[in-house]
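This document opens with one chain alone, in structure tokens, the form predicted alone.
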């Protein structure tokens, strides 16, 4: 039995969907533990491409998917995903935590209003209500999955919450009136459609551990979007690091056997905030175009830059990463040189840590190690030794600098375009 965890080490978009799908072949359960439909995981199997936002990636492999209590759920989006998978011949076996918080219409309204109010100081959220839903969870004003299947309780909750939310909407001068009857009917209907999936998932998972089942925990976003350890306030609203998985699933930390950190062979981020290795030149355009760096959820173009090992080592430290999975190595093909940031210059000195103050981060300048590039990469190869020598050198440097072994290298979007080491 193993409980493995997959997390992103950068600003998300590292290719977790593909890696989770690949490792799912050896698991019984795949569990999402945080985030919401602001995440987007893309999986390519043959000519089929699946884009998931809430449903765990492992269902494509026929595994049991679990949406943990740490996730915030837009029931409309979840039902759409279930229906789309079913239409394409995959009937997902799915459990939803009865403790997971539900994204309500007023969360989306207020998310957009707050971003508009902030203007050029906006956070860069997806405006899907994720942050306001997490805020209500912490403020104890949340509506949870269990409430969707208890009609009288849902009505009582709406009686208490809607006047508060209407007042907030009015303060932002939004010409919208919340219709309690409509919301109640809509969310009661969602509850009817989802009640077969809603259960005490933490009990299901701990029973699975007792039965020696294999479990894969799937994170969303990446370390640098963690609400505590990322580029605050330009972060998501949950804990994306390893520690978040125990809170978001109800699995105790002593059961976690392996922590796999996903590292894109270069660095990207979406939205606002500092980005020390960002490239605003033809190389940045190359990474964006060849890497198809456009958001799965928003279609927004991703900002691109060289691999930043300062943030990867930051991720390794706070999550205790035991193995690396390198993705999109093939995107670097065709570049005459490649660079890896090993330190920053800050206030005239070299540092090897990520500052807490984003104003300080904005003044950091990367210190680079230069590597010879490679022209092409055969995406049919199956061993490390078949990689271009220059690519091998690039990967070996990552291992040495991070002091973590690489266990997987992705050389293309397809499931088969993967090298296990």
Ligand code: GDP
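From a predicted model like this one, the values you see are computed outputs, not experimental measurements. Positions refer to the first chain, counted from 1.
Just so you know, the form predicted together with guanosine-5'-diphosphate exists too; it's not on screen, but the next bit is about it.
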{"query": "Which of 35 to 43, 22 to 30, 58 to 66, 356 to 364 lines the interface with guanosine-5'-diphosphate in the model of the complex (heavy atom within 4.5 Å)", "finding": "35 to 43"}
{"query": "Contacting member of 81, 330, 74, 136, with respect to guanosine-5'-diphosphate in the model of the complex [4.5 Å, heavy atom]", "finding": "330"}
{"query": "Heavy atom within 4.5 Å of guanosine-5'-diphosphate in the model of the complex - the one residue of 144, 302, 313, 165 that qualifies", "finding": "302"}
{"query": "Residue 411 within 4.5 Å of guanosine-5'-diphosphate in the model of the complex, heavy atoms", "finding": "yes"}
{"query": "Residues from 10 to 26 in contact with guanosine-5'-diphosphate (non-hydrogen atom within 4.5 Å) in the model of the complex", "finding": "13, 14, 15, 16, 17, 18"}
